[in-house]
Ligand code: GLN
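Next up: a single chain in structure tokens, the form predicted alone.
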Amino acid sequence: MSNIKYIFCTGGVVSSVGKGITVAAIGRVLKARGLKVAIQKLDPYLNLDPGTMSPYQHGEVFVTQDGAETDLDLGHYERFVDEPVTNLSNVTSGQVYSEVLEKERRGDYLGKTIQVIPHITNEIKRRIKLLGKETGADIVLVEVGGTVGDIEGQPFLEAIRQMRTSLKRRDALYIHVTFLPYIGATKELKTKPTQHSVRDLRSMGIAANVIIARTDHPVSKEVVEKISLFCDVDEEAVVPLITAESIYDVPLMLEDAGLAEYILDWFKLEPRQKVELGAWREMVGKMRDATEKVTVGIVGKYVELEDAYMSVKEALVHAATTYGKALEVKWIQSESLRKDGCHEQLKELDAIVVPGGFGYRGVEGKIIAAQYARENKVPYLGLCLGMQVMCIEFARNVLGFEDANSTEFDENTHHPVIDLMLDQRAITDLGGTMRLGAYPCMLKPGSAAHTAYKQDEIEERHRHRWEFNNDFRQQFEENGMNFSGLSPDELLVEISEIADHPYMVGSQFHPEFLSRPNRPHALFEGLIKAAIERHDSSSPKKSRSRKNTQKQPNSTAAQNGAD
């Protein structure tokens, strides 16, 4: 019998209580003890993946090294545990049902009636076990999306219930994350919703072994005792988790609460090393102590939902922390930018980021932001579409091609400086058909990108259909655009930068996916460095007072997937 241990994490009372962060934090404190951890998200929706969903529906799409389009929680898993996730790490109802129906069409079930139990639940269990087998994990952490009581989540709950029957009793642990509402009139936290949620979970055949009680207010010993008594869990297994100042506080809060020790005791496991969280505590302390701000504008069309740019924002936090700065993000709706009024919205920024996206809405505002950054020497980082609008702006305002555009937005433009990739032109299906996952890139010595990475070859994650049109490459280069990163065959422009500029860099790939809280990505680190220099140059007194105390980062190079 396998020695793999399984932790199943469910949610109750309300959605968005922070299961993803909690699971990632648990993974971090277990890894700190030398255990190999693999994490998986079970999503109840019928889409095969979130790749075709609007960011307003689902937040950002996180792309794995092997090219899977996945839930944004997988980004948290990677950032906290610092282990690459794969296509096995995100399981949706759509994937499960598709697999079962394909088998039925092939006749694999030999004429049997196909049902949720056992066929759907067996496929879910197969995928859970496969992750542990493929990764060689000591512990597999499984987060069940949604909330107990959701109809669409019942097959997943039944599957994790069945998992217990094929394991030794102490090889499975069930953690339930709930919310404790605070009643202002009586000034008390209420445990009744948690009790009802645990009862609903028990009606599905699952008894919670640990309860993590999310709350915005301090939790008294009496409340902990009450939850323990009415929910039938050990008192030391009731873990209050008060809303943290930073998500990176959560592993330390769980560590200080003794959760990792409880888990290891449950599984009868011994730590493989002395707990290594010193560097993490130092990093969190640095975040907490930072008072001087660096202000970065994120110009996008989904800014009303910050989750749409989760990895971008966190990558900026990582880089700012490295320089001992507090990040202040200005969310700028790209549709609102106009040439005659952009100065008021952009003038206070130390740097500008234009992230990825699809569709024409808001593109002209992004082009205006790129023009403002180029003409006013504001540090700029363009990601995927952000690199493309940087090239469109350059073509219009430097080369004089007034109608320059991407064929994504104008198929009839006479200057298609961005065009559909050749291998994408015959594709009709939208889901999972883009250029996805990690690809190599060669850097040009002496460029800003090469200076940032400090290496000649990198590997970064992609998610795009359109690329820079090489028919215009010579004209761009002759007029001040430096294509500093190319695919090994030199056919695909991966990085573009403006030569006569403090820091104006665009990447066709998504560097934000490889940034880590204690190892920021090179391109984001370069942006923040340039932003600080711009800020300090406009405040000479502050610049002189900080010059001798500014601590330089330990490393600028992203590890290119060798997480």
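Since the model is a prediction, treat every value here as computed from it, not as a measurement. Residue numbers run from 1 along the displayed sequence.
Beyond what is shown, the protein has a form predicted together with the named molecule; the following relates to that form.
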> Only one of 521, 41, 510, 28 has a non-hydrogen atom within 4.5 angstroms of the named molecule in the predicted complex; which is it?
Replying inline: 510
>> Just to confirm, with a 4.5 Å cut-off on non-hydrogen atoms, which of 227, 383, 294, 449 contacts the named molecule in the predicted complex?
In response: 383
>> Quick check for you: of 349-357, 283-291, 189-197, 487-495, which stretch puts a non-hydrogen atom within 4.5 Å of the named molecule in the predicted complex?
In response: 349-357
> Candidate spot 309, 313 and 328, all three in 4.5 Å heavy atom range of the named molecule in the predicted complex?
Replying inline: no
> If you check in the predicted complex, is residue 361 within 4.5 Å of the named molecule, heavy atoms only?
Replying inline: no
> Though only this chain appears here, would residue 125 touch the named molecule in the predicted complex if you measure heavy atom gaps against 4.5 Å?
Replying inline: no
> Are any of the heavy atoms in residue 463 no more than 4.5 Å from a heavy atom of the named molecule in the predicted complex?
Replying inline: yes
>> Taking the named molecule as it sits in the predicted complex, is residue 408 near enough to touch it, meaning that at least one heavy atom pair lies within 4.5 angstroms?
In response: yes
> Who in 335-355 is close to the named molecule in the predicted complex, meaning a heavy atom within 4.5 Å?
Replying inline: none
